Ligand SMILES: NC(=O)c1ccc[n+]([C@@H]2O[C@H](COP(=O)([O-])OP(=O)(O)OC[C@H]3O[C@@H](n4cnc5c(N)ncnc54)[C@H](O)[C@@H]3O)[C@@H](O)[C@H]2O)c1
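In C-alpha cells, one chain follows: the form predicted alone.
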C-alpha cells in the first residue's frame, strides 16, 4: 500500500504544538467487568423472548443473525415483523430462525408475546413501535435515533412513565475502547475541569453518499443527519461531558448532493448516465442486498440504490452547531457528508490541559493497528496513548454493547448503558439544531419536551 496517499496522524499532531517530550503509552482500557462464572439464561432459568420489527440490514444482521449466533443460550426469537412481506421472509432465512413472521405488528405482539421488542424500522416510525410495544407489555431495545422530532419524543417519554416498561437505546459508540478511554481520562481529571470541546465529523463519498441514496435522504424519514447520524455524536458528548445540553444554535445547507448534481436518475441500475457518474453504486455485486432489497422491490417499491442527486432530497449535507451544556461546557460541532475520508477530529480543553484525537474510519494510515489519543498537560510533557483497533463493528463497540445486554453478570463501570432520557437528549440536540436553522434563533432544550437539563447527567441502568 502506498502510504503517500494517506495523511499521517503524527504529521497532524506535530502541527498542534512543539514537541516538548513524548511518552508512548499502551494503556489498557478498563472495560466492562467480566461475565459472572455462573451463567443462567434469566432469573427463572428461561430464555429471553425477543421479537424484531424492521428486518432490513441492521435488523437481520447486528440484531438478528449475530444475536442468534452469539447468545442463543440466553435468548430466542419468537417473532419477526416487517411491512414488506418478501423482506421479512428473507430476513428470517438470513437470521437463521424458525420463528413466525408477520406483516401485522399488532398480531405479532399478541401472538408472540415477546419479553423484549427490538425496533429497527425507519427512524420516523420508531415512536409507533416503541410506544405500542410498551403498551403491549414488552421492554424495548431500539436503534438510534430514538425518534425524529420533539412531539414524538414526548410521546415516548409519556409511554414509558405510563406503562412502567423500559426503553434502552443502543449507542454502541459508547462501548468502543477508544471512546471509553477518553471517558476515563476525562473522569479521572487528567485535564482538570473540562471547559470546551471541538468535535468535527467527516462522512466520506462512499458511506456518506449512501445516506443520500436511501430512505434517510428525506427529513420525514430520518429527521435529517442532524438526528439519524449526529445523535450518535451528541450522545457521546453528553456521556463524555457528564451533563445535559442546554441550548443549540445551528447552521446547515444542502450544498453537494440532491439538486446540486449535474446528472441524475431514479436509481443506479436503470440510470442511462451511470458510466459518467462517480457515485454509481453497483448493488448487483452485493449478494445480501440483492436478496434483501432488490428481490423485494415489488412489494413496496423501495430502491436501495437510489440516485444521490434526486431532486426530492431535503436533508443537509453541511452542518455546524454551537451547543451549551448545563454545567457550562461549550461545544463547537460540525458534520460534512462529502469528505475524501471518513472519521473525526476531537479536542477537549480543560483547566489543566487538553486531549486530542484524530480517527480515520476509512482509508486508515497504512501499517497502523491502533487509534491514538494525545494527552497534553499544562507545563508538562505530551503523552501518546495507543488503543488497539476493536474487533467488532463501530470501533469495537458492537460486541461489548450486546454482551452487556444479553450476557448475565456484566457490570457497567463506565455508565455506558443508555436510557430513554439519554435517547431523548441525544435526539433533541439535533432537533433543536433543525429548529434553529429554520428560525435563525438559539433553541433551548427545555422548551422542546418536559425534560429539564441537569448540570450533572442522570444515570439509569436498565435491562
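Numbering follows the first chain given and starts at 1. Note that the coordinates shown come from a computational prediction; the quantities given were computed from them, not determined experimentally.
Absent from the display: the form predicted in complex with the ligand. The rest refers to it.
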query	finding
Interface membership of residue 325, the ligand in the predicted complex, 4.5 Å heavy atom rule	no
is_contact(residue 377, the ligand) in the predicted complex, heavy atom dist at most 4.5 Å	no
Residue 53, heavy atom within 4.5 angstroms of the ligand in the predicted complex	yes
4.5 angstroms heavy atom contact with the ligand in the predicted complex for residue 143	yes
57, 121 and 129 each touching the ligand in the predicted complex (heavy atom, 4.5 Å)	yes
Proximity to the ligand in the predicted complex (heavy atom, within 4.5 Å), stretch among 208 to 216, 381 to 389, 106 to 114, 238 to 246	208 to 216
Contact residue in the predicted complex, chosen from 421, 49, 394, 399 - any heavy atom within 4.5 Å of the ligand	394
The single option of 293, 77, 316, 281 touching the ligand in the predicted complex, heavy atom within 4.5 Å	293
Residues within 4.5 Å of the ligand in the predicted complex, restricted to 78 to 94 and counted by heavy atom	82, 83, 84, 87
